[in-house]
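Have a look below at one chain only, the form predicted on its own, in C-alpha cells format.
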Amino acid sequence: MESINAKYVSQKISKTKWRPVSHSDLQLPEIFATGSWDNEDNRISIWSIGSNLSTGMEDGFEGDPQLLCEHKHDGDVLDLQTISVSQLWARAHRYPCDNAPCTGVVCSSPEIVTVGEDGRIVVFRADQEGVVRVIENADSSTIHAVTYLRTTEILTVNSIGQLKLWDFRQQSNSPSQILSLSGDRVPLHCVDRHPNQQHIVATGGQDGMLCVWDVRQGNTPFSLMEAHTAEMWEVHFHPTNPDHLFTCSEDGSLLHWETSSHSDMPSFLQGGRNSSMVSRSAMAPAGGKQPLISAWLSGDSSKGRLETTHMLPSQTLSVNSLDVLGPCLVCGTDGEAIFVNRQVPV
C-alpha cells in the first residue's frame, strides 16, 4: 500500500476522472478532476499528482495531490467526462414543474449524450448551442448510467434492472434491444463496455453483484459474481488491459479483478477461488462464423480462476467513484478523502 496517497479534502467526493493522456508518448496521467456531493457548497476541483522526480527519491514523486483550481457547482455532481466544450445547457432534464437530476453523461466528440431521473435521453454536440435530439420517454424509471456501445449506439441501465440498447441511426424512440436481470428487478447503477469487444459489457447494482453481459446472445447476464455487500457505484474495465476490471461500493471497498490463467478465456467467465459465480454455457452461437470469438466467452473453465484484490488500506465509508488510466488509479469517498495509487499492477 506504499504507493497509495490519501488526500483529505473536507468534502464528500462523488466523481473522479483522469485527464486523458497520449498513449503514443507513453505519458503517465498527472491531472484529474473530482466532483462533490451532499455538501453545503459543491465543487468541481482539478488536481495534479505531479511528475517532477527528485533525484533523491527512489520512488519518484511522493507528495499528495495538489489542488490546481476549483469551481462552485450548483447541486450534487453526478457524473464527469472530459471534452472540449464551452456550453451550458440549462434544464436538459426536467419534470413538468421542476428540474430533474441529470444522472449520467457520455462523450464521443463532438457528441454528448445525457440521461436523467426523468427518463429522457438528450443528445448534444459540443459545437452547437441547441439540442440535437431528445428521446422523451426513453424510460418510465430512472436511468442511472449510459455508455457508448458503438459510434451510433448507446447502452443505458435503469432502476428496474434493465439494460436498453439505443441505435441513433433509427428514428424510432424505442430501444432496439432490452436485456434484464431475471427475478427481482434489482436497480442497476453503473455500466462499462469492454474497450476492444463492444458486445461485452459489465454492470453493477443495488445488490453488489458484478454482471457480465454479451449483448449478442440472449437477454440475460452471461455471468453473475458476488462482488460487494452493498450497492456497487461504478465498474470500469482497464482501458488498455481489459483483463483487469475495477469496482467500488457503498460497503467501503474498491476491488481489482484480474485474470490469473493462461487460457484463452478471461477468468471473469471462469469462476475461481475468490468468486462465487453463476454462468451460462460459454458456447459460440450455433451456425455463425465468429472470426474473433471473444476470449471472455469461450474456453475451458477449469483452466483458470479470477483473483480479486482490495485496493484500499482499510474499509472506509462509501467509495463512490473510481477511474483508472495506465498504472494510475484515483477514487473518491464519503470519508472526504481522495486516494491515488500510481503503481496499479496491470
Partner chain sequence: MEEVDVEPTITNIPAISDGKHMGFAWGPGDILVYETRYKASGASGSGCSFIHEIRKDEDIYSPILRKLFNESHHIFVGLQTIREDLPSKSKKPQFVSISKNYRSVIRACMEELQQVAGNTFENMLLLVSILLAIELIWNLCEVLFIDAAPAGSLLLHLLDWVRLHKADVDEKAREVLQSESPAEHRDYWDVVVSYVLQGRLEEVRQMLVKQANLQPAARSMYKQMDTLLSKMPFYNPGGTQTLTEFDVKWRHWHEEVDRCLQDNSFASNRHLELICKILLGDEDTLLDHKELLGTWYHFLVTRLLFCHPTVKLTELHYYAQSCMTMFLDSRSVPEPLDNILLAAFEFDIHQYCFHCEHVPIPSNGNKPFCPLNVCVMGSVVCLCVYLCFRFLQDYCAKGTFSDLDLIDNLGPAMLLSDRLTFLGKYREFHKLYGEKRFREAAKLLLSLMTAKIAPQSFWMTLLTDALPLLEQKEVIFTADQTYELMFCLEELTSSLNITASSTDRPMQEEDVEVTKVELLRLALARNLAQAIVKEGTVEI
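Keep in mind that what you see is a predicted model, and the values were worked out from it rather than measured. Numbering follows the first chain given and starts at 1.
Here the subject shifts to the form predicted in complex with its partner chain, a form of this protein not shown in this document.
- A heavy atom within 4.5 Å of its partner chain in the model of the complex is found for one listed residue only; from Arg150, His244, His194, Arg185, this is Arg185.
- In summary, among the residues Thr309, Gln27, Ser314, Gln66, the only one with a non-hydrogen atom within 4.5 Å of its partner chain in the model of the complex is Ser314.
- Shown alone here, Glu111 lies farther than 4.5 Å from its partner chain in the model of the complex, counting heavy atoms only.
- Residue contact with its partner chain in the model of the complex: Ser14 places no heavy atom within 4.5 Å of it.
- Pro327 falls outside the set of residues with a heavy atom inside 4.5 Å of its partner chain in the model of the complex.
- Using a 4.5 angstroms threshold between heavy atoms, Leu80 stays clear of its partner chain in the model of the complex.
- Contacts between stretch 322-346 and its partner chain, counted in the model of the complex as any heavy atom lying within 4.5 Å, involve Asp334, Gly335, Glu336, Phe339, listed in sequence order.
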